[in-house]
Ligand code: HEC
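Take a look at this one chain, the form predicted on its own, written out in structure tokens.
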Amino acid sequence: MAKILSILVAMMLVLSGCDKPAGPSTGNDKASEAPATTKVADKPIVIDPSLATAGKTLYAQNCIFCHQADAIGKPGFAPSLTNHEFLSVSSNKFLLSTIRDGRAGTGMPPFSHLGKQDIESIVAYLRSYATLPDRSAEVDAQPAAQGDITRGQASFELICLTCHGPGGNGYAAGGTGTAIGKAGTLDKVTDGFLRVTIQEGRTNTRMLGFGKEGPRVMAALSDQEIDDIIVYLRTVPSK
């Protein structure tokens, strides 16, 4: 009899637990506490083959003289336009406007005379070399850099000046790096673009990564040190 009573008591406890309404969160459920985050998904590169074919011809007629065959670039003369990391973080808007407007103060002239369709064809040709997902939306959505100009200048002169020249004047200053301090560049790139480029570098170029992680890390700069450099660069265009 005692055994039967024990079984009945246990069943009543189970049933009472099932009937009990769910109470408010106790705070132990970490999943319910976690704030919602929004991440811009990487997009696969979509190429219009007919545009890319036309773009290859246009590239050979207008761009190959500086950017070389297959747009691999030439250190100290013209950057690579088919570098995988470059294509991954460059939006179509950035590529189109750079070709259209050129970069004042550098050897990159405007090609607005080609018209929108021909410029789009050149961009499609460049995109045909892409091997990495399009991260440009995520990169461009990063927050603006906040930092110290004086510290940024000190870091720039210690680390970046050798390749990019004083004030980021690039090839004109005899460096092997591009003119990252010119208005023609800074007016078109986001802080996210600059941040990721500094952090990760670009394979098969002289631009190594300067972030804390990566396969080709040159110097383990903190996120704040990188933002300091970006803030400094924003103060020097066209000087």
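Residue positions are given as counts along the sequence shown, with the first one as 1. Being a predicted model, the structure only gives us computed values, none of them experimental.
The protein also exists as the form predicted in complex with the named molecule; that form is not presented, and the subsequent description refers to it.
Proximity of I159 to the named molecule in the predicted bound form: non-hydrogen atoms within 4.5 Å are present. Not displayed here, the named molecule is kept clear of G192 by more than 4.5 Å at the level of heavy atoms in the predicted bound form. Within this chain, G115 is remote from the site of the named molecule in the predicted bound form, having no heavy atom within 4.5 Å. Taking the partner from the other structure, the named molecule in the predicted bound form has a heavy atom within 4.5 Å of a heavy atom of C66. Contact annotation for the candidate site: Q153, P166 and V236 all lie away from the named molecule in the predicted bound form (no heavy atom within 4.5 Å). Only one of A124, V139, M108, A145 lies close to the named molecule in the predicted bound form, with a heavy atom inside 4.5 Å, and it is M108. Contact residues in stretch 72 to 109 (any heavy atom within 4.5 Å of the named molecule, taken in the predicted bound form) are F77, A78, P79, S80, L81, F86, F94, L95, T98, I99, R103, T106, G107, M108, P109.
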